[in-house]
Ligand SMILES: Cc1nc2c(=O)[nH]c(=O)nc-2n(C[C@H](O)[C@H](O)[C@H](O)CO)c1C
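Next up: a single chain in structure tokens, the form predicted on its own.
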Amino acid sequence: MPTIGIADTTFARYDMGRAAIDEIQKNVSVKIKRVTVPGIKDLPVAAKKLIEEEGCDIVMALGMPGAKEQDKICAHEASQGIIMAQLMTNTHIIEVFVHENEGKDEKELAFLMDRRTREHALNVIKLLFKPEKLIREAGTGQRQGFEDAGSLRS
């Protein structure tokens, strides 16, 4: 049975880990290992440990960078760490970040955090069990969170 790792943070203002686990459990039967760390810069090592020490086949790295310029820099650094961890382990780590200023208000922000997390959880399921579905979606302008952009017409 495949194992999905969930790494989330206490800095986030929404329980993205719970949303991811709920969506995964609604759709497939897998083992889930969850770890929670303080902030997004802690996610790369948490994800790597889930792969190397807990045997996870894929990991979701869930976080909420703040709205300030410094937070965007930290998000970039965390993203680079996540990419490095993927390359070091040869395993997908699906980064799911929602910046605190992406929503126009708290209600929209909570909606976005839930929806983006759940849509990426479905991507994790596709990567593990049905990669051909991703091939069919190539070039369709999929967006996780808000509405899809759609395909460009030539």
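Everything numeric here is computed off the predicted structure, so don't read it as measured data. A residue's number is simply how far along the shown sequence it sits, counting from 1.
One more form of this protein, predicted in complex with this ligand, exists but is not displayed; see below.
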L50, V59 and N90 each touching this ligand in the predicted complex (heavy atom, 4.5 Å): no
In the predicted complex, the one of I40, V124, V96, A85 near this ligand [non-hydrogen atom within 4.5 angstroms]: I40
Which of 50 to 58, 28 to 36, 105 to 113, 64 to 72 sits within 4.5 Å of this ligand in the predicted complex, heavy atom basis: 64 to 72
Distance check, Y14 to this ligand in the predicted complex, heavy atom within 4.5 Å: no
In the predicted complex, Q144 touching this ligand (heavy atom, 4.5 Å): no
